[in-house]
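Okay, here we've got a single chain as structure tokens, the form predicted alone, with questions on binding and movement later.
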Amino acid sequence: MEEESGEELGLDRSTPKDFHFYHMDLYDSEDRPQLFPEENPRMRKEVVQAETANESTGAGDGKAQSDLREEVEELVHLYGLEDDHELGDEFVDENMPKMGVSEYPPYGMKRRDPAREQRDWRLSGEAAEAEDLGFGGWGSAGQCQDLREVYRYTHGRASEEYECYVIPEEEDEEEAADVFCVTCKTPIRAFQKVFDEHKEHEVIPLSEALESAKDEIHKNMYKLEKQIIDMENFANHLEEVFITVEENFGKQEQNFESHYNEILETLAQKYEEKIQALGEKKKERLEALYGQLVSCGENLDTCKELMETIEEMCHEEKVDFIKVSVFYTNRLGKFLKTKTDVEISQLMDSINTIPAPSAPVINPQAPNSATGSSVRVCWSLYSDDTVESYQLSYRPVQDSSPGKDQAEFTVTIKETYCSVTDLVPNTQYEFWVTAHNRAGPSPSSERAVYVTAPSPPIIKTKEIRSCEEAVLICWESGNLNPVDSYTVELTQAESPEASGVTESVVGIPTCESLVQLQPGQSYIIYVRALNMGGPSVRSEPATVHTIGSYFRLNKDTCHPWLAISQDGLTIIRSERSTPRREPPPSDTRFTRCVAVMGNLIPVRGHHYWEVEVNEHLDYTVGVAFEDVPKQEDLGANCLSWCMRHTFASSRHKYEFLHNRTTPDIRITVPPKKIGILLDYENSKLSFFNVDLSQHLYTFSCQLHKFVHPCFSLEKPGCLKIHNGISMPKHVTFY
């Protein structure tokens, strides 16, 4: 500790000169040692013993001690230390005697020495502590040691103005949070919910908040892992696509390179052939020219000889000269006219002539370059050829065998393309072209086969089948030759002016298509045929509805005794049409059971139709597989499920037959209209009395493949089928 100065404090009361005041912590602490006599019994006992010993020294010492106590009590009262008991009663100095009043150190507060403010007051060693605190030889050595231990424990610090040792207040351990504020997203203590700003906030137990946070973390981790897996799958897919594109690009590059090399080889070969042909022609013409020059020289020599002969004859007699001159003149004239002039003209023509063009190259047919009655043909020619016109020839190809004798047609044009019209749809034609100039025609090009677009298909409206989710469309090709594919175009018939195509199904190889549609809508359907030449025009439209299931009766399965109406929805059995003999057995037509089947669309889901019956008529209605035996009654095998009604002697008998078995069910009110519900999803077949909205019976079927409606009449009468209708509400419960 620092040395004390001798300056006195400016207080109201005078204090002893050498008085030291040690200011202690004003707050109680459980860990604070018992420093003062009230709190430290051992020190209190030793002090009492010292006071008892001092009493024997004399009255003077007792008076001085009592004065000192009064001054200490006044200071205690001045600093408010009466209740805390934190100010000691006696402090000693090492230089004072152990017993007696004079041994108490003087109580006083001195100012610090400014020169010693920089010195650390925490001195190591007991000597420094004793020097700073002023603990002398008062009391026993144990008392001084206790005071030193108290000083070390409290870790006091010096104030700025006075030499007062303040024992810092020990901070209580912060109380752990036990609830969680949902509004602030932070843990708090329970009393803060009552008195703090969290009073109106929602709080939950800390364990519950911890579990909720863990669950949220697990959910986020699961989502993150799922996203990572999706990203990895997407990356793998991109890698596969990249590899596929790279492989295709490599193949295409190889194909283009090989095709390019083939073209170069072909051009080089043709170039060599042309050069060789031109060389041969040049040689032939030079040889001919050389021969003509030799002949001309010979003719000149002959003329010279004739001139000399004429000159010799001029000296002879005139009569003989005239006779001979006439002969030689005629001979010379014939020579000049017949030989020399002709050869010279041929020579000049050969020098000024233009070569005939080479053969054109006709292009193969481009996609969508034809209609049903026309086709566009294109070709090309070498740029150094002089062409005045082209002659395009064509003829039809029958039985896909080019070269047969057919009528040929020729068109003369000046361009390298031509649109040929008045052709037959979906028919192949072979074309070839020649180039012409003053020198003559070129060789003909290679022959190329072009095809016209097909004729529009013909939709079979009577064979269209539909349900709430799809429609099955059938059509005829309308072409003698096969086509590549078909396209179905659909337009919603919401308004008469609607003409845009809402959906197209392309690449259909056969003459039927099952198209998925929206329920409760009406559609207008068109069909196009496609081949290499292009698409045909639209077929005649057909209207379909996705309201309920719509089907017609199949005439190919109809028993000969039955007749089907024109609309395909009414079955009639008349007495006149019933022969005595049964028809021969057949795999497709009913022979023993007078029945007929309907063509239901092959779509799993719900199908509903109704049958209007006569209560005095013997009939059978239900469903059966397509391969049900045609020589057995309906319901007599495991391939059919039927409801049969027989009427005899004013009694109605109803049976629900499957494999010759029926449950014992009594129907009191004969139905006039029977509703049939086929449920593929639940493998059930239900029958209803439509007029009473009454459920009659439900089969549990094993529908491993598609079934078709079936109808039978055991006696003359008729059954009328109602389909393409919405399902009643009472039916939806079964």
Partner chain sequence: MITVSQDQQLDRRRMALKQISSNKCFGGLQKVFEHVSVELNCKMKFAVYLPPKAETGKCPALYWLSGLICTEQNFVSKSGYHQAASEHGFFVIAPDASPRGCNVKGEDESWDFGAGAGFYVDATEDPWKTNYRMYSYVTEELPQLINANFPVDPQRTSIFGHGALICALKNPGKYKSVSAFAPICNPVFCSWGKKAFSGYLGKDQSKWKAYNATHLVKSYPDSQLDILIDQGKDDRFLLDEQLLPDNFIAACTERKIPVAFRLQEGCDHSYYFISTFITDHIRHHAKYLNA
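Residue numbers count along the first chain shown, from 1. Everything numeric here is computed off the predicted structure, so don't read it as measured data.
Below, we turn to the form predicted together with the partner chain, even though it does not appear here.
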Exercise. Taking the shortest heavy atom distance, is Asp664 within 4.5 Å of the partner chain in the predicted bound form?
Worked result: yes
Problem set entry | Partner proximity in the predicted bound form: Lys673 to the partner chain, non-hydrogen atom cutoff 4.5 Å | no
For this session: Please run the contact check for Gln694 against the partner chain in the predicted bound form: heavy atoms, 4.5 angstroms, yes or no?
Result: yes
Problem set entry | is_contact(Thr668, the partner chain) in the predicted bound form, heavy atom dist at most 4.5 Å | yes
